[in-house]
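Shown here is one chain on its own, the form predicted on its own, set out as structure tokens.
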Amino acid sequence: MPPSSSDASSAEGPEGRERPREALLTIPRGVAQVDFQSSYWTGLIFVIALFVGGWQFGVFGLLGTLTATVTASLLGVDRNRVALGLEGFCGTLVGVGLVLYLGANWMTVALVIGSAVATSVLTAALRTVLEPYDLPTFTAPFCIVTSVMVIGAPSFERVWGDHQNTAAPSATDPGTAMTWHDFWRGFFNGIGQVFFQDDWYVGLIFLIGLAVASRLVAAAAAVSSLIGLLVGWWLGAQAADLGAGLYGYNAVLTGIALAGTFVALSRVGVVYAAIGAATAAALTAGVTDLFDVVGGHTLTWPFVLVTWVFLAAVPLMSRLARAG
């Protein structure tokens, strides 16, 4: 993910005085980069949101971020990438995802550390593979590592013994008639579910964090969450799943990515981003059903797949251009 804020200064200040401060700020920046932002203020607000959602999300999210960042630094990854948080965000999602699916215990601590290390190595490998196509890795390392861990977890008693009930809300509350309650909760939850959070007020805090970095990005997230919600409703998705934001978060990431972050902002570009967000929402059910067969989860696979395709198509579209 590219930097989207100018507050990421060099890790080396006069006589090295800035080094400890900048090293510390790589952690909130890593959290913020989940939504493509490098503002440490946004990252700090995101961390607050995680702790509001539950202490375990905050603690394990920071553990994953710290582990991935330190691993990348020790392995000699470019300092600017590390300073901007670009080596930490997959670790953040690994930490939050694994504690959600496996529970908060010492075994999960070990798995988060090991998985975060793996995301650092996998990020470097995918960057090498995707570089000729000018495609970012996005959250693919997180998706791959977390899918492998969760699918394999039931085979290990010490791993699976304290796993959480992660069935979709519609499993106990079926029905497609969306109420106003489902609608407004789904709008905010679509933003919060990027970090696996399904409390509307947590999603609101994340939206505030995005607005601190960029009002444009916050607007893109809000509109994309709405698009995902409406696409899911129009296709007849379960109302409880819509209210939980399960059709919004992949649309949010896709919308932010295509609306000025990786595709130059223009009228055509905005329409392109909206189509991408709608596509990610529509793909959600298919990916969910595919992973249900093997015990996996949707994660951010729809966002990764759709955004890769939409970015790869840009060079052949004369009215669109890559950002930067």
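All values reported here derive from a predicted model rather than from experimental measurement. Numbering starts at 1 and runs along the sequence shown.
Below, we turn to the form predicted together with another copy of the chain, even though it does not appear here.
Chemist: Would residue 282 sit within 4.5 Å of another copy of the chain in the predicted bound form, counting heavy atoms only?
Modeler: Residue-level check for residue 282: yes, a contact with another copy of the chain.
Chemist: Applying a 4.5 Å heavy atom distance criterion, does residue 57 contact another copy of the chain in the predicted bound form?
Modeler: No, residue 57 stays farther than 4.5 Å from another copy of the chain in the predicted bound form.
Chemist: Tell me, yes or no, whether residue 201 is in contact with another copy of the chain in the predicted bound form, where a contact means a heavy atom of each within 4.5 Å.
Modeler: Residue 201 lies outside the contact set for another copy of the chain.
Chemist: Heavy atom to heavy atom, is residue 167 within 4.5 Å of another copy of the chain in the predicted bound form?
Modeler: No, no contact at 4.5 Å.
Chemist: Given that another copy of the chain is left out here, which of 104, 219, 226, 121 has a heavy atom within 4.5 Å of it in the predicted bound form?
Modeler: After the contact test, the surviving option is 121.
Chemist: Please determine, with the chain shown alone, which of 109 to 117, 211 to 219, 183 to 191, 92 to 100 has non-hydrogen atoms within 4.5 Å of another copy of the chain in the predicted bound form.
Modeler: Residues of 109 to 117 come within 4.5 Å of the partner.
Chemist: Could you run down 265 to 294 and flag each residue that has a heavy atom within 4.5 Å of another copy of the chain in the predicted bound form?
Modeler: Sequence-ordered list: 268, 272, 275, 282, 283, 285, 286, 289, 290, 293, 294.
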